[in-house]
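As structure tokens, one chain now follows by itself in the form predicted alone.
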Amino acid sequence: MSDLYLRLVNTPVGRTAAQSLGLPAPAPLKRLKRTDQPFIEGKVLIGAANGGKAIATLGSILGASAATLHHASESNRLADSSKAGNKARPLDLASDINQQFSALVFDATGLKGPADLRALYDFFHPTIKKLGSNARVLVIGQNPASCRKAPQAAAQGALEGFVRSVGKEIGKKGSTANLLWMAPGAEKQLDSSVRFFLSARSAYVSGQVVKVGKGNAAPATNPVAPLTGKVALVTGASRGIGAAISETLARDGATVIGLDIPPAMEELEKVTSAINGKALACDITDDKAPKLIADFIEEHFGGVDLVIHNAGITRDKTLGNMPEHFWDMTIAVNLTAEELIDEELAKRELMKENGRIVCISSISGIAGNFGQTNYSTAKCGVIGYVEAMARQLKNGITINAVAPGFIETRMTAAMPVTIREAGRRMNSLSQGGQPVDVAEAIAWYCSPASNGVNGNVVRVCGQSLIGK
């Protein structure tokens, strides 16, 4: 459904009215237009606190981009910024900066204690106002859980609060801020995440923290179609977010098995036929569903690389008024079915090496929601499942989750207008997301280069003002 308010406030008359009334004036988000689009263009400023471990890797990644790269200079606390490589030009942060940046990238892995946090101020204070619209802020830190000393853990943990606050300050321009917590020695695993968070693919992802571990060495892939040769199973694929996931994975080269309930087969076949995929009719709550799915995969493909647990339902009632079948069905579809399908695929060894499992949680699972005790319970259970499975999976298989916020779908279009408008504006970007925003995050998880991304829950919500 079209966001009429967003369109209105981006006209001269509407913008003036919004300013005079103190209303939000969100900027239209720039999303991916073509698959060969550079992940970042324009001018990018990179900096590092002294002792930074990721600066050379970041310089290498950005040096290979279409951007013009600068590094911070003339600051004692940022001296290691010069290690970004010879493609980065020095920029004196004490001088008048007459440039506009499409991204600010900072290596904070060298922070050893609270006093070192001053490096954040020295880098961002003179530059944050120089960000253009739809710009990116990306900070790389060290996972506090891996820090041996408390002061270092405090400094690294502080980055989360910093990034979330920056995201709220720059969101009105359609800009985002995110944090990568890198495990020691995981520099080589940064590539896919840096590219995602600096690109138009992450337009509706802000204020998020992603843990990047060592993982297996990333194989060489076609950057335009990195999922070539992969087989993907997408549940709930007939429309909305599921259809967008199917289309995005197919765009990136995967062969998609779209699954949905039998009554949705007509819509499902339209989706799968358009992407040369296969349609499978199945009620995932049926006792025979895991075996049926596994049999289909084994017969047609011999195995599966990517499993996307997208199918979900809501059955809303306050707890005291909720019939038991509302509770049972919501838990069965949104949580139990995922576990049983994964167990069957694992038991029959149909999940291929370096495979990917992606589950769909929800903001409701993080913050809770009135009248959704069943749904919130299930979606929070998904998070617990992902975190536990991430520690158990072997053979390079990873599992992660996305937690969508307000996404423009048929369901949200049917909401009363006041609730719909409130949902759209209650995030730092002051607008709803699109199904493709969820799909792009899943495609990043599924990338062969994302081996180090495991056990994460990323909110695709424009940095919702509720929840963590």
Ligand code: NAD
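We number the residues from 1 along the sequence you see. Here the structure is a predicted model, which is why all the values come from computation and not from measurement.
Only in words, not in the display: the form predicted in complex with this ligand, which the text now covers.
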Since the chain is shown here on its own, which stretch among 350-358, 105-113, 333-341, 152-160 would lie within 4.5 Å of this ligand in the predicted complex, judged by heavy atoms? 333-341
Decide if the three candidate residues Gly42, Arg136 and Ala203 all line this ligand in the predicted complex, where lining means a heavy atom within 4.5 Å. no
In the predicted complex, does Ala177 come within 4.5 Å of this ligand, counting heavy atoms only? no
With heavy atoms only and a cut-off of 4.5 Å, decide whether Met411 touches this ligand in the predicted complex. yes
Going by a heavy atom distance of 4.5 Å, is Gly141 a contact of this ligand in the predicted complex? no
Would you classify Thr272 as touching this ligand in the predicted complex, given a 4.5 Å non-hydrogen atom cut-off? no
Which of these residues, Asp316, Glu387, Asp283, Asp122, gets a heavy atom within 4.5 Å of this ligand in the predicted complex? Asp283
Just one of Lys291, Lys173, Arg164, Arg239 has a heavy atom within 4.5 Å of this ligand in the predicted complex. Which one? Arg239
If you look in the predicted complex, which residues in 378-400 sit within 4.5 Å of this ligand (heavy atoms)? Lys379
